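Just the one chain here, laid out as structure tokens, in the form predicted on its own.
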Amino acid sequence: MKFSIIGAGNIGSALAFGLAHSGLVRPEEICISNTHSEKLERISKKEPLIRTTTDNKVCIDGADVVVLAVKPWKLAPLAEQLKEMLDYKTQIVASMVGGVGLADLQTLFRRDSDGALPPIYYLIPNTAIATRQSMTFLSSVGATKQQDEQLLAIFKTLGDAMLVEERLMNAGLVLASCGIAYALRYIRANTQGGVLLGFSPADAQRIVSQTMKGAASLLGIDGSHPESEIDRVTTPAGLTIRGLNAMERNGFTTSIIEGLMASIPSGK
């Protein structure tokens, strides 16, 4: 499956690098276009086999999937340009533009000449897609079951992926995309605590990062639940329960939930 990515910003370039190392898409089957060549030059230095261009028409030629990775205010003029270039019978449009749902995408890509529409996907990955550790959400309209399965399989090689109803896309955005920042903020706070305890900043970050990896890996063992793993290290009157209780007294769980709810796009 050949991919064209329009937009070489953080998420567009991350997707290109992730796909290039997915094992399902060869680097030379990926083209990324951008209006400014500086970003394309950085991509070429890192992964020379990925094709780059400043011409969208050149980039989408022969692509199976055309991914839109631009700022929201650039989407309407881009759609106006692309909809007369695309072959709606053979090409899929997949948007990673946050907050622009399937109905809006259909409006933007409905062809004036015949009212035709391509299969359309709304995608929400996170920046860990560059290291193939993303949590990606997909929702589609006008796509076949085979197309759903193909794209889902590809994005699962880039971490994990879920095909969900569109009503859950904003929740996915908050948990997985905003969630990257929230997880990193926790790591930073824990690292600062490690420095206070006597470790160097570099060693503290190393310890905390590996501990986070280990904690996540435990949840993959026979569908383990966080509380059961917490119980394993929480002895009666022990150190861990003291720490947990102190965190809860200072609003640990409440602050996380309130942060998630505050992140939901307004009006959604």
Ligand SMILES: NC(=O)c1ccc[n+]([C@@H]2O[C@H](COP(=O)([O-])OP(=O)(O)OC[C@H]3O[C@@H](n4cnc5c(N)ncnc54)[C@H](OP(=O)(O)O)[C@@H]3O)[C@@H](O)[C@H]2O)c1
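Numbers follow the displayed sequence, beginning with 1. Owing to the predicted nature of the structure, the values given are computational and were not obtained by experimental measurement.
As for the form predicted in complex with the ligand, it is not shown, yet the points below apply to it.
**Q** Closest heavy atom of residue 188 to the ligand in the model of the complex, within 4.5 Å or not?
**A** Judged by the heavy-atom cut-off of 4.5 Å, residue 188 is well away from the ligand in the model of the complex.
**Q** Taking the ligand as it sits in the model of the complex, is residue 151 near enough to touch it, meaning that at least one heavy atom pair lies within 4.5 angstroms?
**A** Heavy-atom contact with the ligand at 4.5 Å: absent for residue 151.
**Q** Given that the partner is absent here, does residue 125 sit within 4.5 Å of the ligand in the model of the complex, heavy atoms only?
**A** Yes, residue 125 lies within 4.5 Å of the ligand in the model of the complex.
**Q** Looking in the model of the complex, any heavy atom of residue 39 within 4.5 Å of the ligand?
**A** It does: once the ligand is placed as it appears in the model of the complex, residue 39 has a heavy atom within 4.5 Å of it.
**Q** Taking 4.5 angstroms as the heavy atom distance cut-off, pick the stretch from 94-102, 137-145, 108-116, 162-170 that is near the ligand in the model of the complex.
**A** The contacting stretch here is 94-102.
**Q** Is the ligand in the model of the complex near all of 10, 56 and 70, within 4.5 Å of a heavy atom of each?
**A** Heavy-atom distance to the ligand in the model of the complex: all three under 4.5 Å.
**Q** Can you pick out, from 209, 44, 35, 234, the residue that has a heavy atom within 4.5 Å of the ligand in the model of the complex?
**A** Contact check passes for 35.
**Q** Among the candidate residues 183, 175, 195, 78, which is the single one with a non-hydrogen atom no more than 4.5 Å from the ligand in the model of the complex?
**A** In short, 78.
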